[in-house]
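For reference, the chain that follows is the form predicted on its own, supplied as structure tokens.
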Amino acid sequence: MEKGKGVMGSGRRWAVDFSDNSTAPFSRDIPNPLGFTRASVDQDDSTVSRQKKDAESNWKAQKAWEVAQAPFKNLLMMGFMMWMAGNTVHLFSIGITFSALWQPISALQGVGKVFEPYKDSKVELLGPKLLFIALYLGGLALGVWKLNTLGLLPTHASDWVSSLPPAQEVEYSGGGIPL
């Protein structure tokens, strides 16, 4: 036998032919393994394709809910950053507040684009979209609250009319020992 030529003669050294060409009755009488049925192998294509479509629809629904819940992490991070920025008006606190206002506004404008990949006739996107919108409205409310704590929102009549006296401060704080 030549080097590189197997028994099968196909040119491969370790090739095995698994086709059953024998007509002996003993090879047909071997029982199927446990859990194996010929019906599972011979399923029609419509059942398989329907199962694939259902699995894809379930995957799309799951991913849509994951996308809808993603702003929650951003909301917590933004709240922490606002807390760290403090209540005084300076460049960092104004930048954080602007970011807290801009991110929800831009995200709310693109809700349709965010959920576009998950559109399907079997996938209901109303719930994920409402959660997405609610979380970003919460982020917008957080930004407006920060504007209020910085004193940048006009909340008193004297903010609009210059002839009125400014509002009286409700709380004063001081520290240290007076000398």
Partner chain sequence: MAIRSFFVPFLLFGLYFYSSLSPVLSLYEDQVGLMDWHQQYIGKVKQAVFSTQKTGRRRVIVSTEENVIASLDLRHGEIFWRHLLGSDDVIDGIDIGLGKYVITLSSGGSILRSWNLPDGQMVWESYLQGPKHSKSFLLVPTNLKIEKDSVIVVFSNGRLHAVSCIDGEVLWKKDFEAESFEVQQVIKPPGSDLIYVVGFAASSQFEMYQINGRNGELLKHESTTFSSGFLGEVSLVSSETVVALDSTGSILLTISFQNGEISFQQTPISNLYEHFSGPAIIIPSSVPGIFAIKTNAITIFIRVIGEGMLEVAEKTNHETAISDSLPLSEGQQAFALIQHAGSEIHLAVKLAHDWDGNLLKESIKMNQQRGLVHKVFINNYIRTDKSHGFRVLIVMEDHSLLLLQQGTIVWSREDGLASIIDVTTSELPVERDGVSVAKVEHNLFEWLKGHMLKLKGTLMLASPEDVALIQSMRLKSSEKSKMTRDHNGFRKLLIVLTRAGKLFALHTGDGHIVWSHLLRSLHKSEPCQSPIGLNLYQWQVPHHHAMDENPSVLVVSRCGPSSDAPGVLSFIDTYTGNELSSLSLAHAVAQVIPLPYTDSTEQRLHLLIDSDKHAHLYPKTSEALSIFKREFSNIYWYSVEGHNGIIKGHALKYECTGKVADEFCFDTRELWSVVFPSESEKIIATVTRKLNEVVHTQAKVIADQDVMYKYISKNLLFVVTVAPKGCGEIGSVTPEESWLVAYLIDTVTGRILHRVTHHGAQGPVHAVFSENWVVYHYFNLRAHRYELSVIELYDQSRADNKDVWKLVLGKHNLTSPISLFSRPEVITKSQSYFFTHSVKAIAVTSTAKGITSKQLLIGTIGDQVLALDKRFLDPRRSVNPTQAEKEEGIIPLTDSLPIIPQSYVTHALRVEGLRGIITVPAKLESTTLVFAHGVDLFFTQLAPSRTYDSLTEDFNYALLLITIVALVAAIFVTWRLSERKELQEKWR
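Residue numbers count along the first chain shown, from 1. Owing to the predicted nature of the structure, the values given are computational and were not obtained by experimental measurement.
Absent from the display: the form predicted in complex with its partner chain. The rest refers to it.
At a distance threshold of 4.5 angstroms between non-hydrogen atoms, T88 is in contact with its partner chain in the model of the complex. Mapping the unseen interface onto this chain, L108 falls outside it, with no heavy atom inside 4.5 Å of its partner chain in the model of the complex. When contacts are judged by a 4.5 Å heavy atom cut-off, D159 counts as touching its partner chain in the model of the complex. Put simply, A15 is far from its partner chain in the model of the complex: not one heavy atom of it is within 4.5 Å.
Contact with its partner chain in the model of the complex holds for none of E66, W83 and L131, as no heavy atom of theirs lies within 4.5 Å. Of all the residues from 157-171, those having a non-hydrogen atom no more than 4.5 Å from its partner chain in the model of the complex are A157, S158, D159, W160, V161, S162, S163, L164, P165, P166, A167, Q168, E169, V170, E171. Distance between the C-alpha atoms of S163 and L152: shorter in the model of the complex than here (change of 3 Å or more). The pair P165 and T88 is looser in the model of the complex: their Cα-Cα distance rises by no less than 3 Å compared with this form.
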